[in-house]
Structure formats: C-alpha cells, structure tokens
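Okay, here we've got a single chain as structure tokens, the form predicted alone, with questions on binding and movement later.
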C-alpha cells in the first residue's frame, strides 16, 4: 500500500458499496457547497466540461416519459427533467446526498421522488421506465458495472433508452492533477486495478473502478443493450473552471468524459 493511504487492489461489490456510501455521506456537504452553483438546483449538466442537456439534447423530448435518474446526488438533473414534463423517479446510494435533494425541494417548492438504493439491485419493477439517465452517478463507483447495466435494462421498457456519463477511460493512465503533471501518463491504460483510499483501520473508504472503452462496450452488449452513440465532450473555450483533475489545460489535450447512449431492443 502507498504510504499516502491510497492503494490499487481488487475490491468486491459489498466493500465497494459500503466504502462509497460512507464516503459520499461524509463528502456530500462539501460537494454541494463547491459544485452546487455550477450544477444548479434545476439543471442537467453532464460533466465537468459543462455540457448542458439543454444544448446537447442527448435525451431528446422527455415530456410524458417515465424517467429514472441513476445516482441522482441532490436531484438537480431530475428536477430539470420534471420541469420539461417527465415523470421522474431518482435514487442515490448516499442518504446525505438525498437530504440535500430534500433541502432543494424545500427551497424551491419542488418535490422530486427519491429513494436510497444500490444501483446493482434496483427497487423498481421491470419495464417501469421509458428512459434512464446518469450524469456521473453510480457507474464509476460500483464493482460490477455489468450488473448495473443489466438492472437498467430490466427496468426499461422495450425501445427504452439509457444515457450515462463517466470519466473517460483514457484519464486512468494519467495523474488526477489539473496542472502540467496531469499531462504525462504514469500507469497503463489497461491496468484495471481499482483506485482505493484506505482508512486508518486498513479498510477501503473510497473506491473507483476503471473500465477501458472496450470494457464498457462489452458490458453494454452483455447486458442486452444496443450502443447507439458515444459522445466525448470537448473542453469549451472560455470555460476556466477546474473540477478535481479536470481543467482547461488538460481539456485541451485529453478527453475527460465519455457519454454512452444505449437502447433496450
């Protein structure tokens, strides 16, 4: 183990879920304070590059659709969808994130239905939704991405769509640093060992899993979905906001986000 408390090692589904639930419960207040204005209480921002669904229209017309938001955080995207006529249900692993959703409800007069759940085992009946979406929710933080995608397929109706964004897999080969250091690869893109932060007792306290682009395509196909599109947002001119390892400097050279558009046959 690295003396800084960071390791690269396999972590199973139960340990991953336990670690990330605790981490997000502890980090939710700071996360919303730092990023809430950028995300907006009723906004749909796909990624740190600032790609807005109002402009990208990756979901199309959502009016009248039953929509599930996977890993909703404080529900900003779900509220944006509801404002456009969708019937939205949302869930997150973190109870503290859902408390922030309730805070926004009370502050805006909205009412987004949310539930605490694990994305690998969804508490929804099969064929309940026309559309499922996720903006960096759940998928990077689960041990079994195929299980999440299979669950998404199960709750979608035939012809239903799943659109989700994750960190672009190429970022895995580079340090998570917004400065010049983040432009030099320091590990293999093909090293799938999860990034693990360790607590004082030696247990995982945060886990993020890596899949190559080929892995994502394979998981999508294996889950019974059809891949219809892959969007790699470019860093827009004039956007100077850093978000962790995302920055204008890195964004001019490396893709930071991958957005997959899938359909249930």
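Numbering follows the first chain given and starts at 1. The structure displayed is predicted, hence computed values, not measured ones.
Missing here is the form predicted in complex with a small molecule; even so, the following discussion is about that form.
The stretch that touches the small molecule in the model of the complex, counting heavy atoms within 4.5 Å, is 117-125, out of 171-179, 185-193, 117-125, 100-108. None of the heavy atoms of residue 160 is located within 4.5 Å of the small molecule in the model of the complex. The small molecule is not drawn, but in the model of the complex it has no heavy atom within 4.5 Å of residue 149. Taking non-hydrogen atoms only, residue 72 approaches the small molecule to within 4.5 angstroms in the model of the complex.
Using a 4.5 angstroms threshold between heavy atoms, residue 145 stays clear of the small molecule in the model of the complex.
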